[in-house]
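The form predicted alone is given below as one chain in structure tokens.
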Amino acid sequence: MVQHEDTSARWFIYTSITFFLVTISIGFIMAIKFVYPEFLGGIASLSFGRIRPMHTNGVLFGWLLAANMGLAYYVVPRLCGTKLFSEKLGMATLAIWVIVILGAVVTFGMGITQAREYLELSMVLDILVTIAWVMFAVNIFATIAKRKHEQMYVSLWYIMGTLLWTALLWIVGNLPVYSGVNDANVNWWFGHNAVGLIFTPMGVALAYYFIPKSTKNPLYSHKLSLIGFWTIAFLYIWTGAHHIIFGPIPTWLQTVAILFSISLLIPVWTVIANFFGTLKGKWVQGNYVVKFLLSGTVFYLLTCLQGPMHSLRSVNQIISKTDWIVGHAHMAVFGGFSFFAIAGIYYALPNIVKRPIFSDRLAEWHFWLSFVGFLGFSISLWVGGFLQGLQWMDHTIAFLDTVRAMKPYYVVRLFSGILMLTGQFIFAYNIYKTVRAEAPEVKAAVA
């Protein structure tokens, strides 16, 4: 039996949780500013324009992608029946990743940014991300190359796809050769595909591994899993232009983006049918790991129903650029893929450190605070954002009046954020106590 070291997996997970606490705290400060605009107003580095990219990039790269990388270091060797190719390479990758995240905090705080949404990192940090991703890809591909199991489970396909798609998106998105409308088009080609071809396939890969593991149910359909993989590979990349419908881009390009956006219902339903089919029988009696996976599946379904509908011109003209979109984006990143990552950490880390989770009760509290808090967060922005869009279309209403009308919804988001923030601190405390606890064999020896 293979004895896995899991050094890289463990430290990537520790690091991701640390950055999660920092970046979600920054998000909470932003929520306060929507209700009390003067909050921390005298500190330039904490102005909204500077902490917003800290929050988005911190959540995407510092928390979620780092957690996914750590969990990939855990999952891939086990699916291949071999050790990770190089733990030293994994730790070197983590060192560069930490430098990137800390560098982002410093540069954003100083107001240094490329002013392109989700592509704000400076060129030096872009290069470091590229180096780290190449190192990560080499480690994963080399591990798969020396696998002991001939057949590759679908999670490996999704992880390999993520490695290739991320490289393509990152390089093309960061080329300093675009201007004007072309720059906007490429920006949103990257922005939408960052969710669809980086976080979606990696999140789905982890769910495909941890749902059968945590429920002890066999995968519902291997064939559906492969249909989902190949359809998302061919369909997702052409959808980015639906972010600039009614913008200064050709109508035919907008229509193409709409058609491909609607076509995404195909891979979505294959994934959802597979997840629900595998979760069958464990919906009620499942523990907190299953609860996170089940809720993440539901949130992923809602996200992917909203997305194609947003692309329709009749819907887009109402909700585009409103707070509805903020709720939608958080549904994907927090409600869907963060829930998958959290479930993976709750399952994997006790196996890595070889001791049970410190407190099942705290883990249940973490789930319910995150779940209820996020429902309040997202619903307040969906309802408020939709009404906001209708007000924008009514030219008799002044813009500032539409801003004032959003305050009750921002208050609900703020209080919901308190629940979400509290849940993540409970999560970090539970993980910390689990790691610091004595291993069972040590306790036995002392006794």
Partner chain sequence: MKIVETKVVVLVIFVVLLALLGTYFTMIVPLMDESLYTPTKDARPYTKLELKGKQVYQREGCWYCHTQQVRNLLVETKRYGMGEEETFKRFGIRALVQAPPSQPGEYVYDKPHLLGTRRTGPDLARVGGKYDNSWHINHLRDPRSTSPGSIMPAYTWLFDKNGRPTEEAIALVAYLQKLGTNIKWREEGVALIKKMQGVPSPEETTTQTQEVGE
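This structure is a prediction, so every number in the text was calculated from the model and none was measured. Numbering follows the first chain given and starts at 1.
Below, we refer to the form predicted together with its partner chain, which is not included among the displayed structures.
- Not displayed here, its partner chain is approached by F141 to within 4.5 Å at the level of heavy atoms in the predicted complex.
- Heavy atoms of G247 reach within 4.5 Å of its partner chain in the predicted complex, making it an interface residue.
- In the predicted complex, T322 approaches its partner chain with a heavy atom inside 4.5 Å.
- Shown alone here, A115 lies within 4.5 Å of its partner chain in the predicted complex, counting heavy atoms only.
- Heavy atoms within 4.5 Å of its partner chain in the predicted complex map, among the stretches 239 to 247, 371 to 379, 76 to 84, 331 to 339, onto 239 to 247 alone.
- Taking P356, G281, P218, P176 one by one, only a single residue has any non-hydrogen atom within 4.5 Å of its partner chain in the predicted complex, and it is P176.
- With the partner removed from view, the residue among F386, W392, F415, F28 that has a non-hydrogen atom within 4.5 Å of its partner chain in the predicted complex turns out to be W392.
- Residues from 171 to 198 that approach its partner chain in the predicted complex with a non-hydrogen atom closer than or equal to 4.5 Å are V172, P176, V177, Y178, S179, G180, V181, N182, D183, A184, N185, V186, N187, W188, W189, in the order they occur in the chain.
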